[in-house]
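Take a look at this single chain, the form predicted alone, given in structure tokens.
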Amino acid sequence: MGRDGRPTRDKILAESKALVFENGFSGTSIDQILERTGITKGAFFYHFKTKNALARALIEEFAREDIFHMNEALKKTENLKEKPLERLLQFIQEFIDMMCEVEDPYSCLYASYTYEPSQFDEETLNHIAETMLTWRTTMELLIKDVLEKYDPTVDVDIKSLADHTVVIFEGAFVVSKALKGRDLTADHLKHLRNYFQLLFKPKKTTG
């Protein structure tokens, strides 16, 4: 183990996350984590003073990875800033490509936590809400850029439409899990991409 104990901490987080996906947070005990990781109780409590501290660390890491992927998609599409609809469509395509590589149904820690909110403190639950709001803000900005050059073909609420991307992700994760087949997220993101493509038409030029 390194001097900072990072490998042990990372192992605890990885195995704990797997157990939460299998059993839910309330159904995951510290003893199960110890058995899965092969570490001592003292080593566990050295890194996480309480189970709530573990819960917070898990969601912080999960959200950090989530926002990292979002920011990477923004960077990859930055060259399309002058073509906002193409950028929006390509932004969604980045996640289609990512999820096409996922075979088994993807597990989402946001869903696992929000299904049993009584297990978590307010700070932990707020972290999930803040991440969702980051997604909303990002999507709102992308959509507003599109609306500078395009008109929607139907009335839309921008905030609700921005949330719809996260709704598609989370809904697809649940459907994939329920059907116990391959992950369906890429399929549903393709529907979302098609919807955005059909939703906007170029503004009419005057004169």
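Just so you know, these numbers come straight off a predicted model, no measurement behind them. Start at 1 with the first residue shown and count on from there.
Quick note: we don't show the form predicted in complex with another copy of the chain, though the next part is all about it.
Stretch 156-164 is the answer when you ask which of 37-45, 66-74, 156-164, 53-61 has residues with heavy atoms within 4.5 Å of another copy of the chain in the predicted bound form. Mapping the unseen interface onto this chain, Asn79 falls outside it, with no heavy atom inside 4.5 Å of another copy of the chain in the predicted bound form.
Although the partner is absent from this view, Ser112 contacts another copy of the chain in the predicted bound form, with a non-hydrogen atom inside 4.5 angstroms. In the predicted bound form, at least one heavy atom of Val174 sits within 4.5 Å of a heavy atom of another copy of the chain.
Under a 4.5 angstroms non-hydrogen atom cutoff, another copy of the chain in the predicted bound form has Val20 among its neighbouring residues. By the 4.5 Å heavy atom rule, the three marked residues Leu13, Ile92 and Val102 all fail to count as contacting another copy of the chain in the predicted bound form.
In the predicted bound form, another copy of the chain lies within 4.5 angstroms of at least one heavy atom of each of the following residues of 107-122: Ser107, Cys108, Ala111, Ser112, Thr114, Tyr115, Glu116, Pro117, Ser118, Gln119, Glu122, in sequence order.
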